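Look below for two forms of one protein chain, each set out as C-alpha cells: first structure 1, then structure 2.
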Structure 1
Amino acid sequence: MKKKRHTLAHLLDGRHASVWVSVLAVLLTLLTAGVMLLLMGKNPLIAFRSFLQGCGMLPKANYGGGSGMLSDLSDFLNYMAPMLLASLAFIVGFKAGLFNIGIAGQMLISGFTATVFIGYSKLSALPARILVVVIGILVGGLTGALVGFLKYQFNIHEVVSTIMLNYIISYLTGFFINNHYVDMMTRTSRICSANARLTLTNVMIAGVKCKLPIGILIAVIMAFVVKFIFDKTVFGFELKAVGQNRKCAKYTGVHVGNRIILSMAFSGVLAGLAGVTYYLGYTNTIIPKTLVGMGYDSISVALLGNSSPIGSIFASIIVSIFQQGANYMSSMVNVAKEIASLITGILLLYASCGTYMKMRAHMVIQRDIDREEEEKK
C-alpha cells in the first residue's frame, strides 16, 4: 500500500516546527482578516497593501512636502523599537515560568521618571541620553524585582501583583502629570527636550526628513544579549530550569527564590528600556492615566516568535506593521483603525495554539506509523 504523506504534519512536527507554526499563524490571521474585510464589503488586498504602505515598505500614491518612503520607514522603526524590547521583557519572565503582564506599567513608570528628571533638564545631548537609558534600566529593574520579591516572599502571583501595580502606576503618574507637568493645550505631559529624546528628528536622508530612532539599535542588541544569556550562561540555564521544574531546579542546588527575583528584575530592565524608547522616543509625551497597549501587544509578539529573542525580531516586525500602518489603511479602505488591534488579537489567538498544532501533527504522524507497522505484520 502506498504511504500516505501529510506534508503539513511533517512540517509542524519536524526540526523547524516552531518556525512553521509561526508562519501558519500569520497565514491563518491574514485569511481570517481577509474574510472579515470581505464581509464588510472591503477589498482585503488593498487593505493589506495599505498596511505596508503606511510602514514605508511600499510606496504611497503621493507624499507631503519633505516626506517619503524613508520617512514612513523611520517612523515604523521608531515604533518597533519599544515593541521589540517589551516582547523581550515578556520572554525573559516566561522562560523562568513567570507571566509578566505588568510590562505596560513598568514602561510607564520608567518613562515618567526619565521624563521628569532628565527630559525637562538642560543637560547636553550625550549625558542626557545616557542618563535616560540608565534610569530606564534602574527603575524598570527595581519595579520588576518588587514583583519577583512579592512572588518569592509572600507567594503573591505575578499576574495579580503586576495588574495591581499597573493601576497604581497609572493613577500615580497621572496625578503628578495633571498637577505639575501637564501641557494645558494638549492635556498630556509637556514634551521633553530634544537633547533627552532617544529619537533624532528632522534628519535629512536623500532629501527626505526622517526620524532616526536610537532605540532600534538598543533593541536589536538586547535581543542578541538575551539569546546569549539563555544559550551560553549558567544564569540563563538556571532561569530555564526554574521555569521548567522548580522542584527539580531546587534539588540540583539552584536558589529558586533568588532566580525568580532576578528574572523579574531582568524582565523589568527590558520593560524599562521599552518605556524610555517609547515615551522619550516614539511619542515624546505621556497621556495621563493611560497604559500603552504595546505592553499587551508584546505578549502576542513573544508568542508569535516562539519565545525566542531572535524570533521576536521578526514577530515584532509583523505586529508593528499592523499597528503602525493602521492609520493609513483606515484612510484608504475607510474602516476603523481599531481593526488593526483586532487583527493583532486574532494573531495572538492563533499563535497561542502553537502547542496544540504541534500535538495534532505528532498524532497524525504517529497514527500513520502505527498503521504501517500493522500492515507489515
Structure 2
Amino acid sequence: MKKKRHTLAHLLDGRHASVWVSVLAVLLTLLTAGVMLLLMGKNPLIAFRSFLQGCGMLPKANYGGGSGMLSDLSDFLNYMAPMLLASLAFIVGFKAGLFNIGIAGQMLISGFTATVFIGYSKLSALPARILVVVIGILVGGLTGALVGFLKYQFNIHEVVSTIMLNYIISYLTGFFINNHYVDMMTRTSRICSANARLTLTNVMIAGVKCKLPIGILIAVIMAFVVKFIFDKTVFGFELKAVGQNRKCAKYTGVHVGNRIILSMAFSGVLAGLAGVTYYLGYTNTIIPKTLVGMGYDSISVALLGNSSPIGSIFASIIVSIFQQGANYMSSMVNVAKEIASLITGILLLYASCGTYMKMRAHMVIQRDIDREEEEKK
C-alpha cells in the first residue's frame, strides 16, 4: 500500500502531472458516484456498464430492429462533436484571459441562422453543408467579435456581455421561431432539410443504421488547429501574453485591443461550429427560448482537459459518455438520468483540485528524499 501511494505521488509530480491529475479526478468521480449509487441501493458496476453500453462502447443485451452497437457509437460521436468544439471555444477565450460563458448563445444564434437560411432552403447536399459551416463560422465569429469589441471599446466585462447576449439571443430567436418557423405539433422549430444536416442519417454500416457525424471530423481537426496556434505561432504567443499580462503585452508592442477582439472572434467561430453541429447535426430542430446545457458543460470539459486542446478531446469523451449514456443507464438501473449532470459536477470539483493534488504529491516525495538523506547520514 505504501509503495503504491508513492507511485501515485511520483505520477502527480512528474512530467505528465496534469494528465495524471485528470485521470485521478475521473477515478475519484467514479468512486464517489459508485458510493452514491450504492446508497440508492443500485449496483454501481451495472450502472457504469450501462453508461458505456448506451454509448456503443460495450454491447447491449438486445437491440431494436436495424440498430446495433455501431448506431449507439455514432449517436455518441454526434453528441461529442459539438461538446468538443464548445470546449475548444472556451479554451481559446480562456488562454487569452477571457471568460466566454456565452458559448450557449453563440451556438444558438449560429444554429438558428444556418437553419433559417440553409436548413429551410432547397439547396443540394454539398453546397448546403458547406454554407452551413460557413454560416456557423461567420455568425459565431461576429457574435464573439462583438463581445470583444464591447470589452475593448467600452470596457464591458465579457462575462456580463455574454450573459446578456445569451438572453437576447435566446428570446430573439425564440420570437422568430414561435412566429415563423414553429412546428405546430412539436412546438419546436420545423426540422431542417436532410441535405443541410451535418449528420448523415440512415447510413448502413455492417448491417445496422448509423448516423455519421461530419462534425466530429471538424472538431478533432480544430483541436489540432487550436493546439498548433497556441504552441507554435506568433499569434498564439501574443494571445497568451495578452491573457496573462495585458500591460506587459502592450509594453512589448502587441495591439491589445485588436488581440482581444480577434481571440473572442476565434472563440466565437468555434462556438458557432459547435452550434451548427448541434442544431444541424446532433438534432435537426431548435427548442425556442432554450439554451443548451452543453454551453456550460463545455467549461467543465475544458477544465478537466487542463485547458489543453488535446486534453479536451479525452475530457469531452468522458463527459459525453455520462451525458449521452444517461438515458440507457436510467432505463437499466432505474435512476433518474439527471444523475449524469451530477456526475459531471463532481468531476469538475475533483478536476479543479488539481493544483492541490500536485502540491501534496510534491510534499510526499520531498519527505521521502529527506528521509533517505537522513538514513545515509
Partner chain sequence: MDEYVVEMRHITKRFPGIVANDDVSISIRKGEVYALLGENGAGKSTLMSMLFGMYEPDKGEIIVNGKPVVFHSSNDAAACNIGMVHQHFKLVDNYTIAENIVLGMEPVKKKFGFLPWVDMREVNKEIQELSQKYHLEVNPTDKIEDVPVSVRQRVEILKMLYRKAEIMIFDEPTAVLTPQEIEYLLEIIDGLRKDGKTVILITHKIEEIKKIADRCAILLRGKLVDILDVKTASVQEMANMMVGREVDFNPYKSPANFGKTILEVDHLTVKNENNFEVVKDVSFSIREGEIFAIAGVSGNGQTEIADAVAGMMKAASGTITLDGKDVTGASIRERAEAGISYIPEDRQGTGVVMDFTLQDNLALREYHKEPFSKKGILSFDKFRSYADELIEKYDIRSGQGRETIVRSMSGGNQQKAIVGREIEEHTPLIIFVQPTRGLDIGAIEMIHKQILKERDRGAAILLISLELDEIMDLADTIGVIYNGQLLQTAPADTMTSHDVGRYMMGVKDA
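Each form is matched to the other, and the largest set of C-alpha atoms that superpose within 1.5 Å is called the rigid core. When a residue number appears, read it as a position in the sequence of structure 1, where counting begins at 1. Predicted, not measured: the structure shown is a model, and the values here were computed from it.
The chain as displayed in structure 2 is taken from the form predicted together with its partner chain. Lined up on the core, Y356 has its CA atom moved by 2.8 Å between structures 1 and 2. On a core-based overlay, D368 has a Cα shift of 5.9 Å between structures 1 and 2.
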